[in-house]
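The chain that follows stands alone, in the form predicted alone, written as structure tokens.
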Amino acid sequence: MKITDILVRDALVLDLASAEKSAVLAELAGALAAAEPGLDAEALLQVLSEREKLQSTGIGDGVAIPHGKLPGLPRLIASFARSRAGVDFESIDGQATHLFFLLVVPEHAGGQHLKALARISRFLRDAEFRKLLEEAETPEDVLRAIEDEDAKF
């Protein structure tokens, strides 16, 4: 599975306006719903918020992978967003979060979402890849970085 195959390109946000966790989740849900026909932003926000109550999806190194299962979703989808200022996302390392990969999967996705989570996590362990995303000036720069990383695996 390639991240570029599930990435909703029109939902990329290079400068999140939100400065706190719940607002970031709402902004991510809104951007993805605006780009993906039939996706309900409120339902998505509820799923993401419930998941965050279990444990923060802030995995450290300035990265978070908010995710959840959404009933009625026909396929696995993802989006990317960046906060230049950083957000307190209650990450495991206590550091501000700058890079967000949102992953939304159908309710009965089985192991598909675990594979996608693992792949995104692997990409984001690479400090050079994170730096490319942090320094990207345009959505095309982000897409190129993701495509190049996808090609390595």
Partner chain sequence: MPDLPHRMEARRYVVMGAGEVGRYLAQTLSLEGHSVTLIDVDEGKRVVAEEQLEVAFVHGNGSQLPALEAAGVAGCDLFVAASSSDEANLAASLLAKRVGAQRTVVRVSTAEDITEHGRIYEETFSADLMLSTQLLTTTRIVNMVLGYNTIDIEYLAQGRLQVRKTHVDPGSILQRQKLADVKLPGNGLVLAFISNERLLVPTGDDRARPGDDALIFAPAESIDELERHISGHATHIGTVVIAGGGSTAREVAKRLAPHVSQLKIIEHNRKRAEELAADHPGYQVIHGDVTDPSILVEEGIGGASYFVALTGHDETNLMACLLAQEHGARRIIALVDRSDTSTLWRKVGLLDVVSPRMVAAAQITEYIDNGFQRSIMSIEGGTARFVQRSVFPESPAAGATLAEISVPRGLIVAAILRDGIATVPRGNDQLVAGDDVILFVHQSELSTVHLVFPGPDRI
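Numbering follows the first chain given and starts at 1. Just so it is clear, the model here is predicted, and its values are computed rather than measured.
Only in words, not in the display: the form predicted in complex with its partner chain, which the text now covers.
*Asks:* Can you tell me if Gly111 lies within 4.5 angstroms of its partner chain in the predicted bound form, counting non-hydrogen atoms only?
*Replies:* Flag for Gly111 set to yes.
*Asks:* Quick one: is Leu70 in contact with its partner chain in the predicted bound form, heavy atoms, 4.5 Å cut-off?
*Replies:* No, Leu70 sits far enough from its partner chain in the predicted bound form that none of its heavy atoms falls within 4.5 Å.
*Asks:* Though only this chain appears here, would Ala43 touch its partner chain in the predicted bound form if you measure heavy atom gaps against 4.5 Å?
*Replies:* Contact with its partner chain, no.
*Asks:* Verify the contact flag for Arg125: yes if a non-hydrogen atom of it lies within 4.5 Å of a non-hydrogen atom of its partner chain in the predicted bound form, no if not.
*Replies:* Yes, Arg125 sits close enough to its partner chain in the predicted bound form that at least one of its heavy atoms falls within 4.5 Å.
*Asks:* Quick one: find which of 22 to 30, 82 to 90, 51 to 59, 35 to 43 has residues within 4.5 Å of its partner chain in the predicted bound form by heavy atom distance.
*Replies:* In short, 51 to 59.
*Asks:* Check, residue by residue, if Thr4, Val8 and Ile77 all come within 4.5 Å of its partner chain in the predicted bound form, counting heavy atoms only.
*Replies:* So, no: the whole triplet misses its partner chain.
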